[in-house]
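Just the one chain here, the form predicted on its own, laid out as structure tokens.
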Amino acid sequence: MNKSSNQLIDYTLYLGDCALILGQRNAEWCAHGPILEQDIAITNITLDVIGQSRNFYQYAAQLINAVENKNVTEDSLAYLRTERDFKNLLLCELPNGDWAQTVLRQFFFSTFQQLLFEKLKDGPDEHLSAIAVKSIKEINYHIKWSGEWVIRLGDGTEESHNRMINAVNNLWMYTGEFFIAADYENSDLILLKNKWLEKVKDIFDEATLTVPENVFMQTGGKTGNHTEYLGFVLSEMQSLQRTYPGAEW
């Protein structure tokens, strides 16, 4: 396999892994949302991002099978890899915490994803471009929904404001990884940082929140170095397939 093929496979897996793990985390809210309407909303977002992950895994499987002469599938990529094989951002695997932390995590991720997918849709790879085009409409809703909740909680009661401050303090240290390119990524990621910060600051201003400064950023997820939390996520998600190999609905 040449380097460019390897990089494309790794990059496609990275995109799929982020969507799958975030979707798995969001799915933990199913039937536990604060009110029925928002329970349905977070569940629909979960379905959106897991759908994105399927598209990326299907393409990754196609690439792997073509260049490595293997027979992997979207299911084997999701259910039969270990923690070190996953390349998702650390932000995606963190525990949900409370509602404030969940909606802020979604806002941070979706805002970055929107900027990234806008680049992908105009990129040279037709498959990634098609997935990006299909996903952007969903992502725009994810940003609108999560951004409104950030404002609602940040500029709400003293309790909700304090919870949002706590969410910012817990999550901000994981946002720098968005813009630190792994060896399979385009190094111009840093160009997205100012746009992302501008969009975040606009929402934070309405939410009466302050953008943190001089925070040490946590990294490693893109290269398979994860927090302890990912193992628990995968243990639950992969339990059926690992207990009954090849099981199908």
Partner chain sequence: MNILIKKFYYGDIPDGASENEKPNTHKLSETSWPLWEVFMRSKQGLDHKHAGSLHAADAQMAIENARDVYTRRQEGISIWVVESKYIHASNPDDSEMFYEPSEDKVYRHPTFYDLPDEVKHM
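Computed from a predicted structure; not experimentally measured. Positions refer to the first chain, counted from 1.
Omitted from view is the form predicted together with its partner chain, to which the following refers.
**Student:** So its partner chain isn't shown here. In the predicted bound form, which residue out of 68, 202, 188, 37 has a non-hydrogen atom within 4.5 Å of it?
**Tutor:** When its partner chain is considered in the predicted bound form, the option within 4.5 Å is 37.
**Student:** If the cut-off is 4.5 angstroms on heavy atoms, which of these, 177, 148, 83, 125, is the one near its partner chain in the predicted bound form?
**Tutor:** Result of the distance check: 148.
**Student:** Given the stretches 136-144, 86-94, 169-177, 112-120, which is the single one in contact with its partner chain in the predicted bound form, using a heavy atom cutoff of 4.5 Å?
**Tutor:** Selected range: 136-144.
**Student:** Does residue 44 make contact with its partner chain in the predicted bound form, using a 4.5 Å heavy atom cut-off?
**Tutor:** Close contact exists here: in the predicted bound form, residue 44 approaches its partner chain to within 4.5 Å, heavy atoms only.
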